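The chain that follows stands alone, in the form predicted alone, written as structure tokens.
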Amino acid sequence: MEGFKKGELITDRGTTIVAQASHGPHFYTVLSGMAFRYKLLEDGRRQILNYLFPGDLMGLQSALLDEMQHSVEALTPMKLCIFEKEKIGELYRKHAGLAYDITWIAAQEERILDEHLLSVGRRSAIERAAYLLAFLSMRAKSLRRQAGINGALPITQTHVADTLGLSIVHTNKTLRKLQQRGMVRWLERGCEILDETGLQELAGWEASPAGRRPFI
């Protein structure tokens, strides 16, 4: 990996790391911190697609399809490992193990997006919110040190609204219900999860066994 690695990138919270429709020369592995992927409509409306944690890939779409179809913004300060997208073909030809790891991560991302789409399409508002917060809590739980998350998840109610496809007013009312049930607590710049099991049960969702996850 040292032969493929070009360097490291440090970013601040709020930095746009990759931009929709861009043709950047690099793709990245998240070493520390947390970010989110999103798309914008022409009128500025935003849909958050997924959240990125340490070990996740960023910009692989550009490496394979030449143009990014989404943007990525940092939720916390981040450290990224930089790779040149021109070398990805060489990686697949000469390093089958690493190629398998990249394919595994991409397949895992597809599975997560399937669950997100099911949630937005079929769960009620409170079930959607419960699923999202349980999912983020589950992912963050084993990665808090690497992600730089101290206690609360670094998301706002606007992030939740843009992920669930709800208005901010509807989202606020929905999250207030979860807080009244003692499942979450909203802080100034984050959300503290108090009852992850209760959130999973409310959403009708059970996290799949994590298994061994490759870290590139």
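In this text, residue numbers run from 1 along the sequence as written. In this text, all values refer to a predicted model and were calculated from it rather than measured experimentally.
The protein also exists as the form predicted together with another copy of the chain; that form is not presented, and the subsequent description refers to it.
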Does any heavy atom of Gln179 come within 4.5 Å of a heavy atom of another copy of the chain in the predicted complex?
no
I'd like to check something about Glu188: if you look in the predicted complex, is any of its heavy atoms closer than or equal to 4.5 Å to a heavy atom of another copy of the chain?
no
Do Pro25 and another copy of the chain come within 4.5 Å of each other in the predicted complex, heavy atoms counted?
no
I'd like to know whether Ser32 contacts another copy of the chain in the predicted complex, with contact meaning heavy atoms within 4.5 angstroms.
no
Answer yes or no: in the predicted complex, does another copy of the chain come within 4.5 Å of a heavy atom in every one of Glu110, Leu118 and Gly165?
yes
Another copy of the chain in the predicted complex - contacting residues of 9 to 41, heavy atom within 4.5 Å
Arg37, Lys39, Leu41
